[in-house]
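We begin with a single chain expressed as structure tokens, specifically the form predicted on its own.
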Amino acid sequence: MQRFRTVEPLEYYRRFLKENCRPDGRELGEFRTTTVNIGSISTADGSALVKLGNTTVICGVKAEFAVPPTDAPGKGCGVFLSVPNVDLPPLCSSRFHSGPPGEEAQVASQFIADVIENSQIIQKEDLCISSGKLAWVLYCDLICLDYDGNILDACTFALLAALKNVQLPEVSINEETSLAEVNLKKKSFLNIRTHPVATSFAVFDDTLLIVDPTGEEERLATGTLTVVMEEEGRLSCLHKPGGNGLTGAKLQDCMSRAVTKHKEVKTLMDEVIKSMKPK
């Protein structure tokens, strides 16, 4: 059976899909177990480690001062994130190599940047320290430690959890010296306005949808689709890199599943954050 899987992997999968199941034992609409650990990196201002089945992603957020550009919207407070960086190093999978970021890493980085922009997860005004003079800039680095497909869902969850872990110190501007004075004893969490959650699907033979695809399933699929949902079933963005189009009914089915996944992820994250707070 293993030899058949190696020689004819697609036909091997089709035999399982006809029975509405997958080689790893999951049903077509079943997600892998998801876990999150918040505050994983002590040297970061916020961090989180997310495991989605065998896919593991860690996100670290570093906050620094920056002078807002004079033409920035929001009364000169327009600084948020540098372009987030998603790193897929060779240590996470043999499919990736050393050197400049490959196409998949670049696509993932742009996807995360689009999620941040579309969802308005943090308003730029919330990072303003002194209008037109000083603001926070957040640098977000996401590193895949173990790759087994669905990197977009894992990265989106890790970013959101890391941002919810960020605490920024109180900062004021000394009127006499015009220098920033930092009070490390008084910190506050970021004002997270929305909670975008990504749900990815793989399309087999242009008709059959499976959720949370593994790396092998992504390679065999004829297309993929990622739906990003916010609270109350609001659609943040759709990501479909190529492949044939989906019918309206199948797209609606994907969105319904994404709404359910959003509730599950939000509940999981709230429970983890609540368990970390001192009683």
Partner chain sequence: MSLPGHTKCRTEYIRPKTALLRKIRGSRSRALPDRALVNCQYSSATFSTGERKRRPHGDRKSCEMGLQLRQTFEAAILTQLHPRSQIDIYVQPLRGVVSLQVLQADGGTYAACVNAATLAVLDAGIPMRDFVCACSAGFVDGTALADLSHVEEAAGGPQLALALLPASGQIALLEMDARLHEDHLEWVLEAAAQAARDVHTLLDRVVRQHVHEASILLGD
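Since this is a predicted model, take the numbers as computed values, not measurements. Positions refer to the first chain, counted from 1.
In what follows, reference is made to the form predicted in complex with its partner chain, a form of this protein that is not presented.
query: Looking at 218-226, 231-239, 38-46, 249-257, which lies within 4.5 angstroms of its partner chain in the model of the complex, counting heavy atoms?
result: Heavy atoms within 4.5 Å of its partner chain in the model of the complex occur in 38-46.
TODO: State the residue from Val107, Leu168, Ile143, Leu208 whose non-hydrogen atoms include one within 4.5 Å of its partner chain in the model of the complex.
DONE: Answer to the contact question: Ile143.
Sort through Gly60, Pro213, Pro68, Gly53 and report the residue having a heavy atom within 4.5 Å of its partner chain in the model of the complex. Looking at the other structure, the residue within range turns out to be Gly60.
Each of Glu64, Ser94 and His97 within 4.5 Å of its partner chain in the model of the complex, by any heavy atom, yes or no? Yes, the whole candidate spot contacts its partner chain.
Quiz item: Does Phe204 make contact with its partner chain in the model of the complex, using a 4.5 Å heavy atom cut-off?
Solution: Looking in the model of the complex, residue contacts with its partner chain do not include Phe204, since no heavy atom lies within 4.5 Å.
> Is Pro90 close enough to touch its partner chain in the model of the complex, meaning at least one heavy atom pair within 4.5 Å?
Replying inline: Answer yes; at least one heavy atom of Pro90 falls within 4.5 Å of its partner chain in the model of the complex.
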